[in-house]
Ligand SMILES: Cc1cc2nc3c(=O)[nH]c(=O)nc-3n(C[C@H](O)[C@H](O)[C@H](O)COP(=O)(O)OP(=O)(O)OC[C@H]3O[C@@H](n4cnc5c(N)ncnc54)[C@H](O)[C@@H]3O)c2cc1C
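For reference, the chain that follows is the form predicted on its own, supplied as structure tokens.
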Amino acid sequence: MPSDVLPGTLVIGGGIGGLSAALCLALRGGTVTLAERSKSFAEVGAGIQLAPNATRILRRLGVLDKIIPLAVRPRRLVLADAINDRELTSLDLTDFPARYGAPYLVLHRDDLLSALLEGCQRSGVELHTDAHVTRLEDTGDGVVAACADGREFRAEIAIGADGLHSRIRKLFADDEPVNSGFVAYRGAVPMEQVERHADLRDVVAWLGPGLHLVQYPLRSGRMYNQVAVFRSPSFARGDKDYGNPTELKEAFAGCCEHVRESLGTLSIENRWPMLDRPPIPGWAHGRLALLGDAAHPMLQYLAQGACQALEDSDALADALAAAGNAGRPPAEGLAAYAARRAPRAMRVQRTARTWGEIWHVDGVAKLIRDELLIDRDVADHRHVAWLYDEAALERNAS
């Protein structure tokens, strides 16, 4: 990558978004400091799906070759009926490198995080852990971040990449995470412990009324990832212990044998409420900007959370380089980044909500959805090309 004129940057948050932003900037010649609140860099959760709009960027960062030996390249994305045990529709992924310029991968979240962290270390990013930023100020000629332990970080600009519960977002919007009323149980186990699995060549989402189960292999087939999601009746009643394992079992009781038996190897130690936030257009102000889930947290139905954070990181580096090389102030670069990215990320947020509603319908709506999916031409890419195609992405940015 070329060396550009970039401002000294403080990135707050060391997840996939923060590390990818730091790496994008460092590889363009920027001086980057990253402050992570936790004592170490680690990802909670299990599997992650990376579509071509993300893997193209990872290739440019030199990360793709690192993760491919640990990843699985699935044959298809499949939507199936969790009640009647039948396939509804599918999307062939084998031609994605030719069609979209990069592969579709599934891998363990921590494998991606480790590869990004290694890239940051190799590229000279100054990494700080146990750095809980409690105050961030734009001083006009720079930024100052104060940590709970008394440390201070100074830079020319700051990027808030501190996730769904971002403290930095409070400088931009007076909102709170929105609870969808759905709960997820997710995790990966060694393949030898799995008695019941879907076709290991595919990523399969089993859809049912108010629930779904996603299954796919990880780490070159050595592990199996499962995510069970359901609408919690006790959440609607206002119970504090909503979405507990008993409710999980009750929610899936009417599913087909495959889905019911698959829950036997599902991790029930941790459960996650399914949260997002309303889309906001204003991600940049002065020398401060948001990135990833801090800017546009989204529900998981398009598998685009990490992918959009990678798009943010790439666009951020481009915008800051363009401003710096033209002699314009960093604030103009941040404003250009937000103006380019916000419309697309807001569309992804809204579409993810819509897909969640489509996945979970019941009654007549389910019958209509199923017939439409069964009748769909499996070679039809109209509903995904806007997400994956690089030419479409560039048209949207122009």
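Residue indices: 1-based, along the sequence shown. Computed from a predicted model, the values in this text were never measured in an experiment.
One more form of this protein should be noted, the form predicted together with the named molecule, which is absent from this view; the next part is about it.
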- 4.5 Å heavy atom contact, residue 163 and the named molecule in the predicted complex: yes
- Task: Verify the contact flag for residue 132: yes if a non-hydrogen atom of it lies within 4.5 Å of a non-hydrogen atom of the named molecule in the predicted complex, no if not.
- Result: yes
- Item | Distance check, residue 38 to the named molecule in the predicted complex, heavy atom within 4.5 Å | yes
- Query: According to a 4.5 angstroms non-hydrogen atom cut-off, is residue 258 in contact with the named molecule in the predicted complex?
  - Reply: no
- Message: With the distance limit set at 4.5 angstroms and only heavy atoms considered, check whether 13, 292 and 300 all reach the named molecule in the predicted complex.
- Response: yes
- Item | Stretch from 242-250, 71-79, 154-162, 117-125 whose residues place a heavy atom within 4.5 Å of the named molecule in the predicted complex | 154-162
- Item | Option touching the named molecule, based on a heavy atom within 4.5 Å in the predicted complex, out of 83, 274, 288, 321 | 274
- Query: Though the named molecule is not shown, can you say which of 213, 188, 307, 284 has a heavy atom within 4.5 Å of it in the predicted complex?
  - Reply: 307
